[in-house]
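The structure tokens that follow cover one protein chain in two forms, given apart as structure 1 and structure 2.
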Structure 1
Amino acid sequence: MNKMKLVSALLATTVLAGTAYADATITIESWRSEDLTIWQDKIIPAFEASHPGITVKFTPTAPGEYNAALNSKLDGGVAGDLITCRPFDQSLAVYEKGQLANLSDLEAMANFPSVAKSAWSTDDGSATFCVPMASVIHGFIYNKDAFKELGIDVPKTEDEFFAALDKIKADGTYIPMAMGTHDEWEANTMGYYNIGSNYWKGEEGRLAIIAGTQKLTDKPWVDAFRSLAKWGAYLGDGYEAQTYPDSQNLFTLGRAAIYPAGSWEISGFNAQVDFEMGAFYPPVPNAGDDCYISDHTDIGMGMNAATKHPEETKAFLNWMGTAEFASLYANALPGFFSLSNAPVTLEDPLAQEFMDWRTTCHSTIRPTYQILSRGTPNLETEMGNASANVIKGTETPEDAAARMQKGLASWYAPQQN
């Protein structure tokens, strides 16, 4: 069935390409400057081969300057035809200024699940303005050699997880887990959101907070903090001053056994480690529970509303919805997973392990990214602060949850009753 779809989609695009396009050059705006060669050598040639007449240029800006540079280019009318989209509010603001085209009717949109599209849709979901490109998945990467040496099996439940950590700690050869609280965002991104989706049941809990039917002080949200509070004992000496690069180095040097991870680490880690790596999804609280993973929408592609080549640009966006693109992109950048429904086989075994979880677990995104981080205090920033405090034990899980709820309720109407 899928093969048939794939073939017909490919045929459709080639037929279209053969008929409709005059010679045109379209340009891509992006912040992914490190992907330049991948686009030039692999992705763009594949597109141009099936779409004669269209030339594509990839013109990235440095990540830190991207948002500002893009905004001034769009205001000045000199931006490229294809715009790489940050998730949620940053792109939504551009769309609301009328600078990104509404792509709801694009055929390729049918190839993406709604949770993937939510990152680039208006709050009511009526319009989608970017084609989802890739997500990053959270989980734990572990040192397979260390696990073998200590006779530890991959933990499936939380009890097994903490038993494994205890065993590594008692043995003393390895630091059980490589994470620090210095940079704060590690604590919520790799900690709280990573394990938490099992508690708040992914999308169910996330949407309930947005709707106001659950509070951050409800049991699942506090329980996730309670579980996180146990982590402090298993982190390295002086983890309070350990930064994000410190954590990466601890793990790749083979000094730590487990690394709470995002899949974007995969290509970097592959280049550095000399031991075998494996991955496991966040252990469930009780045996037999459904598992949930944070499969976070991170990068999309939209169309400049003022483009001179709307048809050609749309052809490219439609091509981005095909299985061909999904497989090309995901294999060129292991750890950035295609969001399309088309099945993709990855050559990187570690990346494949991460992606397999999509079939066994339910996907969700980071709970604070949609709508909830618009006010003051900023929920995302506060979550980092609270997660770090909870791990260090300077704030109890209950107090942290109460503080988050109070901050959110101070500006977010659905949470005010």
Structure 2
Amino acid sequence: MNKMKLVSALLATTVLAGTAYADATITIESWRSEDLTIWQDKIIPAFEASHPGITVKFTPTAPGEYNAALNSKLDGGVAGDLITCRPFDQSLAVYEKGQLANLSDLEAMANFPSVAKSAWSTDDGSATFCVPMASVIHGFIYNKDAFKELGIDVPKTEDEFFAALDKIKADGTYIPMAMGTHDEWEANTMGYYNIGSNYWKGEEGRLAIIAGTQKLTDKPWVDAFRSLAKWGAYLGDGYEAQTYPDSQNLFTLGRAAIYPAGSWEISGFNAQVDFEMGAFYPPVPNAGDDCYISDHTDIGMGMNAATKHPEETKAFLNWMGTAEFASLYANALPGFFSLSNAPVTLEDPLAQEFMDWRTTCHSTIRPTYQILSRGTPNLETEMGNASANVIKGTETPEDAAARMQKGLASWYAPQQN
């Protein structure tokens, strides 16, 4: 091919690429149905403004239906181009089926620390398949008006925490704490995982269970259950039948003083409450102890390996690694904290309270999410059931821990020695 023909071929390729780029519509699969207007009104317009020609559609599925619906769409070849990723094993399984693309070489990946990428990487770290978006932090949201009215200070230790609950209960104006056990995931996510990291010392204990050097029957894991077992006395009448939306309503209507929380609640609560809210991290077992928080890698974004628009999809994923996206997302969805290296200033004071704990406490993630829920019985499911039982008093902390340990050891080799 002579020089003139080569130039002509390159120009033709450029024109074709530009045409394909200009006509592309890419869709996002997500479980965050409550975020639809934020994506439509804020995030997508910002991307489209800097990437003329690419149209983005956000097409969420109800959270409880997302996993099954996504798997069905991927298997049927009708899934969207961009796949919102849950952390660790659920997305890893999708990648291992060849349905998520390897994004290790994506330019945006350089803007995220290894700990953020670990939630969407293979066990050996050789491939990363989702761009990290955000983490959520666990703690307690409280009604500042109620605390002021009853003369309660923010508790720093568990003794102070239970003394505050006793005072609220004795007064009778408020339910001390809004949480139910009907939806068992609530009991371990906002209960056991929330307070437990103070006992098993965050990453130290979590990694020890994975390595097999600690067992779920060891003192830290049982002691966390013993603390959780005290909660039942403060959750109000009928908490056994109380659903997650029931708990949210009790707090936002001002009927409960404390809400065991994930930071993802902030946006919804801001829109619903007519009182001032504050937050405190899980009180430590003893004065002077280091504090630990569940700062959980929660949400990422991957590329459907079968997308018909790989370049446009990669353009969106690379944009997600920018400071513009980090600031836009964190402030559009207060309580979802950026995982990128870009500095972000938060406009929401309650979200800032949560994020400030990163400078005070050690961060960890939910202990069952990496590796430990791959077998049967599923440890995540078992912990939800055990946490609910312990709160209700239908299973002792010791029996719950023994049952979980037996189940884990039945299929997980490092726990069989």
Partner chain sequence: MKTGDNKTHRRWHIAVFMVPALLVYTAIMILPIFATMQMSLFTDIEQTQVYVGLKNFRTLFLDEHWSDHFWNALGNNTWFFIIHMAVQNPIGILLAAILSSPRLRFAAFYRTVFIIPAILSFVIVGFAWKLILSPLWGIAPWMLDSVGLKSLFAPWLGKEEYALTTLALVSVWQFIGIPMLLIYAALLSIPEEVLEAGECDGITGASAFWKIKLPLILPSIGIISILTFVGNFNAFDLIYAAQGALAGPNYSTDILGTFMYRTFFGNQLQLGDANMGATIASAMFVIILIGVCFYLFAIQRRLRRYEF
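Throughout, residue numbering runs from 1 along the sequence of structure 1. Note that the structure is predicted; figures quoted are calculated from it, not measured. Basically, rigid core = biggest C-alpha set you can superpose within 1.5 Å across the two forms.
Looking at the condition given, the form predicted together with its partner chain, one finds it describes the source of structure 1 alone. Once the rigid core is used as the reference frame, the Cα position of W357 differs between the two structures by less than 2 Å. With a cut-off of 2 Å and the rigid core superposed, K314 has a Cα displacement that reaches or exceeds the cut-off between the two structures. Comparing the forms between the two structures, the C-alpha position of G302 differs by 2 angstroms or more, with the core used for superposition. Comparison between the two structures places the CA of D124 2.8 angstrom away from its other position, after core fitting. Shown is the Cα shift of V78 between the two structures after rigid core superposition, which amounts to 8.1 Å.
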